[in-house]
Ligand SMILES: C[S@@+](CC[C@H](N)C(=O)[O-])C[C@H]1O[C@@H](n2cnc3c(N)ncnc32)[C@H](O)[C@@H]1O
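Taking the form predicted on its own, here's one chain by itself in C-alpha cells.
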C-alpha cells in the first residue's frame, strides 16, 4: 500500500471510531459541568494559560472535547479534523454545551489554505495526533503558517520512545540483574523497542478492530501511522522559523498504551508503567513561539 493512500485510509478509520468513542469519551460529565475541562486540557492548562480573547486553532480535534475545553478557557476556537463524522459530533457537543466553536473539515497540511487568511494566537495539538502524519517537517511548516507573529504552539503528544515500544515477555536472565535487581526477570513482561523510532518514508499499517477508548468493533480497522523522533520534532519546529520555548517529558499518557504493563491514576486519568515508571518517557510537551 502506498503512503499516498493515508488520507483516505485514516479518514475512514476515524469515521469508524466515532460510535465507539462516543461511548468511551467522558462527554456527559463534560456537558453537565460548564466549568469542567477534559483531562487532556486540564493536564496542559499550565502551558495554555488564560486564553481570553485569543484566536485558537485546534488541529486534529476529533470529537471536540478538548476543543470545547479550550473555549471554556476563553479562546475563540476553531477545530480542524479530516473526519467529517467526528466533526458532526463535535458540532453537536458544542451546541449542547452552548459554546461557539467553529469546525473545519480538512487534513492538517491543507488547513492554512482551508482557513484562508485567518491566523492564530495559539496553535494547539492534543495528544495522539502527529503519529497520523507522514512528515513532521510539513507539520511544523503548517503550524508556522497558521501562527501570527509572536503566536504560540502548544503540543503534548505520545513520546516517540513509547510509540516504538511493545509489551514483550522476557525469556532469559540478564547478567546485570545481579547488580540491578529491578531488571525484569525471566517470565515477566517489559517495554521493548520493536517499532521504528525515527520517521520512515513507509507507514506502519495496522488492522485493529479495537480502539483506545470505548467498547465495540471499528468497522474500518485499517490505519497508517508514522513515528517521529524527538530530535526530528524539535529540529522541524526550529527549521520552520519558530523559537522553542519549552520541552518536557512525562512518565504518563492518557490511555493504556502498553496493556498489562500500565496502571491508571484515577486522579488525572493518566496511565504509567506499574513497575519503575521512571524508565519510560510516555509523553512530551513542547511549546514554541512564531516569529
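From a predicted model like this one, the values you see are computed outputs, not experimental measurements. Numbering follows the first chain given and starts at 1.
There is another form of this protein, the form predicted in complex with the named molecule, and it is not shown here; the text below is about that form.
By the 4.5 Å heavy atom rule, the three marked residues 137, 244 and 290 all fail to count as contacting the named molecule in the predicted bound form. For the named molecule in the predicted bound form, the listed stretch (262-270, 230-238, 58-66, 28-36) containing residues with heavy atoms inside 4.5 Å is 58-66. In the predicted bound form, at least one heavy atom of residue 126 sits within 4.5 Å of a heavy atom of the named molecule.
Remark: residue 132 counts among the residues lining the named molecule in the predicted bound form, judged by a heavy atom distance of 4.5 Å or less. In the predicted bound form, the named molecule lies within 4.5 Å of some heavy atom of residue 107. Using a 4.5 Å cutoff between non-hydrogen atoms, residue 142 does not count as a contact of the named molecule in the predicted bound form. This chain lacks the partner; the member of 155, 101, 82, 163 within 4.5 angstroms of the named molecule in the predicted bound form by a non-hydrogen atom is 82. The partner is not shown here, and in the predicted bound form the stretch 249-280 never reaches within 4.5 angstroms of the named molecule through any heavy atom.
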